[in-house]
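Next up is one chain by itself, shown in C-alpha cells, the form predicted alone.
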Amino acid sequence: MATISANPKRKISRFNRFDNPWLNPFLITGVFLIVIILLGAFIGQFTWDSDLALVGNSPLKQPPVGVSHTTLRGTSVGTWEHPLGTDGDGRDMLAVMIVGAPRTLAIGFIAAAAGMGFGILLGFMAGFMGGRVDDVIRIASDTTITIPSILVLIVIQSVIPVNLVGMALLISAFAWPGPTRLIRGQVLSMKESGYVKMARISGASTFDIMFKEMMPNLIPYLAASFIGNMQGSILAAIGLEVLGLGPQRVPTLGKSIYWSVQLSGLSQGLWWWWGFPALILVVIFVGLLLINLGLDEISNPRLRQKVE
C-alpha cells in the first residue's frame, strides 16, 4: 500500500490510453469504418455479381427489399435478388456500392499520395536549403493555393476525357501546396536542433539529413496531412462526377448521384438511387475525419494533455 500511495500518478498512468498514443479512440474508430467499407467491397467481389453495376443488367427502378414503390405502371416490391434496389438505368445498387466505394477511396488515395510526394520533396528543399530555392517554392505554393482548382479541373475535364487514374492525377496537381507549406515550417524549426547539427558535423549528406534524420520525426504530421489531402481529393472527385465529368461508363458513387439527379430520381421518389451512395460517402468522410483527429492528437502532445 505504501508503494502505491508513494507514486499515485505513475500507478494511474499504467491504465492511461495515451501511454501508447497510437491507441487513440478517434484513430481506431476511423480506421474501423474505412476497413469495414473496404472489407465489405472485397467480400462483395466474391459473393455478388459485379456486372450488375453496369447499365441494363437489372430491372428498372426496383425498390430495396421490404420496400414498395408505386409508379404509373403499378406497384413494385423489393426482393432479395436486388436487396438495395435498382436505379433507372437498370443497375443493381448493391453492386454499385461494391464497385464504387473502393474506386472513390482509390481516387483520393492516388491524388493524396501524388500530391504528398511532391509536397514532401519541395517542403524539405525549401525549409532545409533556404535562400532562392525557398523563395521560389514558397511563391509557387502560395500562388497555386489562390487558384480556384475546381474551376480549372472542370475546364480541363470538359475538354479532355480522363479515366479514374487521370482524374486523380489532375486533382493531385492542386494537392501539393498544403503539404509543402506544412513541411517547410516543420523543417525550419527542426534544422537547428542538436541532432541535425551533429549529423552535419559527422559529414552526413543533405539527403540523409533530410530523409533519414528529420523525416521520421514528421511521420505523424505527414500522416495527418495525407488524410486531409485524401478528404479534399475525394470531395473534388465527387464534385466533378456530380457535375457529369470524369469517366462516363465507370460505376462510382458520385456518378450514381449525378444520374439520379439527371434522370429525375429525386422527383420520382427513388431515394435509394442517391441515398445509399450518399450514406457510403458520409461514412467515408466521417472515418477519414476521425483518423485525422486521432493523428492530430498523436502529433500534438498538448491535445493529448487536454484530453487527459
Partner chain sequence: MSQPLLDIRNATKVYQVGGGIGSKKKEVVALQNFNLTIADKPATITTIAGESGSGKTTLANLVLGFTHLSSGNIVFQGKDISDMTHSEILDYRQNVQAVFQDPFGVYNPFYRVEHVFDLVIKNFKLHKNDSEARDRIEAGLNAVGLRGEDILRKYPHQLSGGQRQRIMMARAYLIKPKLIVADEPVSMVDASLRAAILDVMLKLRDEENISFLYITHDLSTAYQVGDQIYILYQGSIAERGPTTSVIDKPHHPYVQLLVDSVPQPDPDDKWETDIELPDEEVMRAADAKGCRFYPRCPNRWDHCLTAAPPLFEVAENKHEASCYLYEPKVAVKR
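Since this is a predicted model, take the numbers as computed values, not measurements. Numbering follows the first chain given and starts at 1.
Here the subject shifts to the form predicted together with its partner chain, a form of this protein not shown in this document.
Visitor: According to a 4.5 angstroms non-hydrogen atom cut-off, is Ala199 in contact with its partner chain in the predicted bound form?
Guide: Within the cut-off, so yes.
Visitor: Does Thr75 make contact with its partner chain in the predicted bound form, using a 4.5 Å heavy atom cut-off?
Guide: Thr75 lies outside the contact set for its partner chain.
Visitor: Hey, in the predicted bound form, is Asp135 touching its partner chain, heavy atoms inside 4.5 Å?
Guide: Yes - in the predicted bound form, heavy atoms of Asp135 and its partner chain come within 4.5 Å of each other.
Visitor: Please determine whether Ser189 contacts its partner chain in the predicted bound form, using a 4.5 Å cut-off between heavy atoms.
Guide: Contact with its partner chain, no.
Visitor: Heavy atom within 4.5 Å of its partner chain in the predicted bound form: which of Ala204, Ala113, Leu121, Val165?
Guide: In short, Ala204.
Visitor: So if I measure heavy atom distances to its partner chain in the predicted bound form, which of the stretches 77 to 85, 121 to 129, 99 to 107, 215 to 223 falls within 4.5 Å?
Guide: Stretch 215 to 223 is the one.
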